[in-house]
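Heads up, the chain shows up twice below as structure tokens, two forms, tagged structure 1 and structure 2.
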Structure 1
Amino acid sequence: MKNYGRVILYIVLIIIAIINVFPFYWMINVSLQPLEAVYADPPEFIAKHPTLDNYREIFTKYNFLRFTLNSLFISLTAALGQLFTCSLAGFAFARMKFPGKELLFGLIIATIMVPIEVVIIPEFLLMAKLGWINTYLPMIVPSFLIGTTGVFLMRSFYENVPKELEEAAVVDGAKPFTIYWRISIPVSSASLSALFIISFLINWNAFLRPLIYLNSKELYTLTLGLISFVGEFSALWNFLLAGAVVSVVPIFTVYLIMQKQFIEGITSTGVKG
């Protein structure tokens, strides 16, 4: 009876896996076919004549290489900046004492409940005053300053760092920033890796801010490049899904490289002694 239960469990898991994987398979399958094959009836679940023409077209005619580099620049810059600001804020909230600390932390966490659509108009007016329209600064600077998830993650980690490490540094005359830079940062590599992946993913998939702030096509990100294939009455599905495959590759690569650190950073609740 126990074996039957395990077999049923495996069957259910396989079905769930197929349901989750099939959209990605279909995306790749359509990206390797001409537009006519997309509307074939019955649909071609396996491309009869796979071709890379769609990928060649989006990179040569639609400048997708430039869009990819633009997205990489924004995502990497914003993610690296957030590592510094969120780890610094997390260290301050976890280790330092100052008036109103819990109130300030509560206000920061409360911003999670505020959708970007609520603040985008005053934010746009501010960016226009600063002369940042049609630049990457509106996509990068807010990530430096509003890393709510990152602050929460890093504070939770630093609260579990043994205080003996900090006390030993204080005895040696270390200042708070020295303790943060020389002790806290080295022991938090797993949490920083998790934060980097989260921040990179959020900025890579960002759509609203690039749509509002970027006017020049040469500054477009991948998300804006993808909507260029969608018209009022139809869409170039073969190009659109080829572009979608291109947009997934960097995220998948970053996750594969940092998978172990990401899992450790999310699940860790302390520091191994």
Structure 2
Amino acid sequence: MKNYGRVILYIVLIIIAIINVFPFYWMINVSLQPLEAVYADPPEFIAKHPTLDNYREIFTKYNFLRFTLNSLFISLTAALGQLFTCSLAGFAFARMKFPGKELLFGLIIATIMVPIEVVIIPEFLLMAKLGWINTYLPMIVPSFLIGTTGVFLMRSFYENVPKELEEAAVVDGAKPFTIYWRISIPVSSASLSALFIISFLINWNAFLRPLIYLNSKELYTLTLGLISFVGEFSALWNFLLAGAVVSVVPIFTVYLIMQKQFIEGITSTGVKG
């Protein structure tokens, strides 16, 4: 009876896995074929004459290498910045007492709820005043300085770290920054990994901000490169899907490498209620 249950469990897990993986399979399948395959009726589930032409085209003719590097640069800088500023702020909110603490933290939480469409126009004007249009800065600087989710995540984590860890250092007369840097940071590598993945993802897949801020093609991110294949006069779906594969592979690799820490990080922060 118990084995019977296990078999059903496996079947269910596998069916869900198929639903999850199929769109990716199809993405790869079409990316290996000419444009016609997209609209084949009935659909061709297995590429008859697979070719890497689409990939060659997007890298040579459409500059996808540059787009990938741009996305990498933006996402990496922003994510690293978040690790620093969010862990600093999270540490202060969890471990220190100061006037206005509750209010400021409340404001951070409240802004999590603000959809980007609400603030994008004034933000654009601000960026224009700063002379940052058509640079990476509008994508990097705000993310670098503040990750609302990040502060929340790190505060929750530090609240769960036993105080005893610090106490020895406090007795030795260590300053707060030393405690943060020498004791708190080392124990929070898992939650920092989780934060890194989350903030990397946000910028890697961002659409509206790059759409509005970047004009020169050399500065385009992968998402902008992708959407440019759906033009007014044509839709190059085969390139689009090859590009989509290119955009998924690096981030998926990062995830696979950091999967263990990521899961551990989410678990240890205690952000679950």
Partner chain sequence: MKYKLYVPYLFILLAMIGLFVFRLGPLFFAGVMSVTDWSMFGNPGFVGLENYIDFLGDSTFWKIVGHTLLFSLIFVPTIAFGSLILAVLLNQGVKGTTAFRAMYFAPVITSTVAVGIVWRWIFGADVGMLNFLLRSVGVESPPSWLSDRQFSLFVVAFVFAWKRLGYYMVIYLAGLQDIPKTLYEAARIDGAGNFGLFRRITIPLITPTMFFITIMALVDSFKNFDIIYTMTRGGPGRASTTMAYYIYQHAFELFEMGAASSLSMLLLLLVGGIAVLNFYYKSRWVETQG
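Predicted model only: the values in this text are computed from it and were never measured. Between two forms, the rigid core is the largest collection of C-alphas that superpose within 1.5 Å. Along the sequence of structure 1, residues get numbers from 1 upward.
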Working through the pair one at a time, identify the form predicted on its own and give its number.
1
After fitting the core, residue 256 CA displacement of 2 Å or more between structure 1 and structure 2
no
Superposing on the rigid core, do we see a C-alpha displacement of 2 Å or more at residue 10 between structure 1 and structure 2?
yes
